[in-house]
Structure formats: C-alpha cells, structure tokens
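One chain comes next, on its own, written as structure tokens: the form predicted on its own.
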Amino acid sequence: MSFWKFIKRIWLDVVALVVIGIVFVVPFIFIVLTAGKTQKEASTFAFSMPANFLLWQNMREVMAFGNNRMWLALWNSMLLTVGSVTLLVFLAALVAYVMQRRGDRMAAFVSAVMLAGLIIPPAVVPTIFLLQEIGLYKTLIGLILIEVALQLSFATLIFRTFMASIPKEIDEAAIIDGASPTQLFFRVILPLLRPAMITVIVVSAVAVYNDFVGPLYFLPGAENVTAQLTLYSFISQFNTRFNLLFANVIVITIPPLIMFMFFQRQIVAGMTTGAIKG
C-alpha cells in the first residue's frame, strides 16, 4: 500500500482526533496546569507550565478551606445523588414497563407528557412556592424529588426503548406459571433491564451530581452546600483565586470521571441494545 493511499484511509480518523484534542483534551490540560500554579501565575491565564507544580498542595487547601467545607459538600452531593438515582430507577422502570406493554390512548398521552418533559424548561418560582407549602423547601428530600422529576422523562425513555427488546411472551409465561403482576415485574422483567439500569444510573448520577442550578435555587444555606456550589468559595468581587478555583474543579470532577471510566461499555450497551433489537 502506497503512502498516499494510507493517508486517504486514515485522514478522517486523524481529523476526528485533532478535533477531540482541541475540544476536550486541551481545555483539560489548561485546567490542570492552572490548578498547579500560584495565585499570581494563575491570574495571567497563560497556557504555560507553572514554575513549581503545586497541584497537590492546592487540592489539599481546597479540601481544608472553610473548616473542611468540601467534605460536607461531597457528603451532601453523595446523599443527593444516591437518593435521587434510587428513586428514579424504581419509578422510571415501573412507568416504562406500563407504557411499553399498554397500547391504549392513555399510554399515548403519558408518552406525550414524557416527551414534553424533555423539552419544556422547569418553572423555578412556582416550584419554590410548592416546596414551601409542603414544608420541603431547603431540605434534601425536596431537592431529591425535584431531581427525580427533572430526570424522569429521560430515564423512562431509556427503559422503554430497552423494554421493547423483551418479548411479551415472557410476561405470558410468567403469568401462566402463577406469578402476580408484582412478581412478574420484580422477579422477571427487572433483572432483564440490567444494561438499561446501569445506563440510567450512571448518566443520571452524573447529571444530578453536576447540577448547579437545582441546589442553588431549592437548597440554599451554608449547611446544605453541594460539591458544585463550592465553586463560589474562591470567587469574589475584588479577588478570585483562580488556582484554587481550578483545583476545586478537578476535585469535583473526579467522582463522575471514575464512574465513566468503569461503566462506559455498559452505558453504550444500554443505550443501543433497545434500538437494535426493537
């Protein structure tokens, strides 16, 4: 094979790698370099190596800032993420199962409502009034319910798409064997939804963990701080410590990055299996 034929075969891959490097890799390198600088060096926003690489020291200072405020923020974010994703998976799987197995007008109406949930933005002020009326404003439970409502449409769509690949004959066989509707779902259908479940868990967990607006509006208060809101700690009107700000970004990026590294194959499988078989 000649050199030019080889170039013609791989040029598209090379262009894709260059674009990915510019869009994703270069900004990440800039964040790491800035997080390893002193406050004076970071304020210049120069794409250069620091005189002394202080990334670990800056990350330790971020963790200890405000009487170990970051540890409280990570704990609150973990509780918020685990609670929201657990309730979300349970509700979305149930709704998707009913919608997929029913073909009447009610199922079509619910599908339209779910689609609208992906398009229509949330109403912040009425939601705050509602949470205040039921006594859940500024509470973690209230924000968990908000996160579930925001993610429910997407999670249901993923479950329903995968549910289409499960034959209805499995339901009929289980009913003939004497399974009740509850047993049918939890013992037969739910174990088959494992790929879609992993997809919903990982994608929704990252979305809830990275949510900045939700905690800002619905969970105010110093004791309710989440990981994303700690970015305010190093920003002020007259002085911004960019080195610690970027170190903070790295700290709060580590958990979702680890999740994607371990579950990327399951995410792709869960999002494509239903489309291929259904």
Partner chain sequence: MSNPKRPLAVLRSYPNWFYLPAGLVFAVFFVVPTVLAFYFSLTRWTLFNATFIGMENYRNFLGEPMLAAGLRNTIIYAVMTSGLKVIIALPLATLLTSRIRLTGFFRAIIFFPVLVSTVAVGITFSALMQPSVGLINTALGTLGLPTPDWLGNPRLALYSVALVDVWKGVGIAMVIFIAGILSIPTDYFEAARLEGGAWVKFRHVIIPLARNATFTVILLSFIGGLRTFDLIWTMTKGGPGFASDVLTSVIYKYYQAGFYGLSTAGNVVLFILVTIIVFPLMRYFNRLELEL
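Whichever C-alpha set is largest while still superposing within 1.5 Å between the two forms counts as the rigid core. Positions refer to the first chain, counted from 1. Just so it is clear, the model here is predicted, and its values are computed rather than measured.
Below: the form predicted in complex with its partner chain, not depicted.
Residue contact with its partner chain in the model of the complex: T86 places no heavy atom within 4.5 Å of it. For the chain shown alone, V213 is a contact residue for its partner chain in the model of the complex, at least one non-hydrogen atom being within 4.5 angstroms. For L54, no non-hydrogen atom is located within 4.5 Å of its partner chain in the model of the complex, even though that partner is not displayed. Not displayed here, its partner chain is kept clear of S165 by more than 4.5 Å at the level of heavy atoms in the model of the complex.
The contact residue chosen from L72, V95, M197, L157 relative to its partner chain in the model of the complex is V95, the criterion being a non-hydrogen atom within 4.5 angstroms.
Heavy atoms closer than or equal to 4.5 Å to its partner chain in the model of the complex belong, across 83 to 108, to the residues L91, L94, V95, Y97, V98, M99, R101, R102, G103, M106, A107, ordered by sequence position. After superposition on the rigid core, the Cα of I254 moves by less than 2 Å between this form and the one not shown.
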